[in-house]
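Take a look at this single chain in structure tokens; it is the form predicted on its own.
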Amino acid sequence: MFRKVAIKTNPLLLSKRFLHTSPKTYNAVNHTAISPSEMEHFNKLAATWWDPHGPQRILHKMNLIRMDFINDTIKSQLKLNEGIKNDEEKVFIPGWNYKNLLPSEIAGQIEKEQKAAIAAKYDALELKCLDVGCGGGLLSESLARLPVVSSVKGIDLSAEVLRVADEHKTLDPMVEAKLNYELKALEEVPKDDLYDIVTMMEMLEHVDYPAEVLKEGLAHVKPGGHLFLSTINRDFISWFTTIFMGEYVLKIVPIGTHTYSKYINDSEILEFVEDFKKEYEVVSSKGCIYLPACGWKFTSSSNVGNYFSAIRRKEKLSN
């Protein structure tokens, strides 16, 4: 769980950021909003949001791996034989390690048929998306360009940034037809608006009450749908790479972009979802790291540095 930490606390000594669920949270106005200082920071970045060589260049590079994580997770969750009653039409899915036991030619054919079935099922999707904290629209536009996405709503609290997003989407008629931006907080989205995909990329570490943001976001996920988030573990490596190196040494990220005390460990996301395990489950977590010579790459651990997480809303409540 996360807790709000006093600014005077030594950030390198923090061990936990609890989800804040005090009564004060629920009585706040726009408790999913970012602080005034965060708002001012992002307003200053609005004019250069779409400059791939400007202050947001790291986000431009990260967008590729964001989309890989979303696409890979969706494909991995597809149920190939769902709704097919005729056994002859079903894809053969062995309950054992066929790649080690069968001849390579046969194993290759089974894998080929499975991939073809996944591709066909994926291509038939018509996904409705909500991008929370959409900023200038980097992720929103990428989602809208997917043939399997029917519509994207991007919401943000910065009028300056949304103006840039609205202007940029007009450069691509296909994107413009699918994409809509709204100036509003997450809790202002109608309760009955449900989406196949809800995204919260690089935004939980900028809010004071991440529990409220996460709960509001999960409430807008359709049964069988996913909430995708990316944020940063609260550890020395994260402080060293994102703040010390990223902001002050290499200066590839504007100073003031990150606040260490607001970082959230992957284990805390898992603990939070565990409290709602009858309805939600974490289906994927992957770490990632920025390498100046290579760009963003996935890592073997989601417990260090930046990471992605995918939370699925179960289609039926479990006991």
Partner chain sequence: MATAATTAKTHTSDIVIIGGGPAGLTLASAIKNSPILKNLKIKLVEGGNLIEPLEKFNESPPPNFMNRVVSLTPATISYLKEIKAWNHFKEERTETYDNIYAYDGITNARIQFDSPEIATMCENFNIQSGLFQRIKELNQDNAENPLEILDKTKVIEIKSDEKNKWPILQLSTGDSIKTRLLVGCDGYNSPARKFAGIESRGWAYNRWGIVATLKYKDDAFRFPTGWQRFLTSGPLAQLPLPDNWCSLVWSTTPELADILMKLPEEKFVAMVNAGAKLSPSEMDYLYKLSAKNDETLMEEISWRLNLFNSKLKEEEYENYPLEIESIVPNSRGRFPLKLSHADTYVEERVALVGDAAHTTHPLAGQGLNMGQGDVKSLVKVLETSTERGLDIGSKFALEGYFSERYPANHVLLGIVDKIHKIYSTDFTPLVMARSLGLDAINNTPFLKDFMVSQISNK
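The structure displayed is predicted, hence computed values, not measured ones. Positions refer to the first chain, counted from 1.
A second form of this protein, the form predicted in complex with the partner chain, is not displayed here; the remarks below concern that form.
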{"item": "Three-residue site 71, 75 and 170 fully in contact with the partner chain in the model of the complex at 4.5 Å by heavy atom", "value": "yes"}
{"item": "Options 258-266, 34-42, 48-56, 279-287; stretch whose heavy atom lies within 4.5 Å of the partner chain in the model of the complex", "value": "48-56"}
{"item": "Among the candidates 250, 64, 270, 294, the residue which, in the model of the complex, approaches the partner chain to within 4.5 Å (heavy atoms)", "value": "64"}
{"item": "Single option in 102, 157, 118, 146 placed near the partner chain in the model of the complex, where near means a heavy atom within 4.5 Å", "value": "146"}
{"item": "The partner chain contact at residue 141 in the model of the complex, heavy atom, 4.5 Å", "value": "yes"}
{"item": "Close approach of residue 174 to the partner chain in the model of the complex, 4.5 Å, heavy atom", "value": "yes"}
{"item": "Contacts with the partner chain in the model of the complex, stretch 205-227 (heavy atom within 4.5 Å)", "value": "none"}
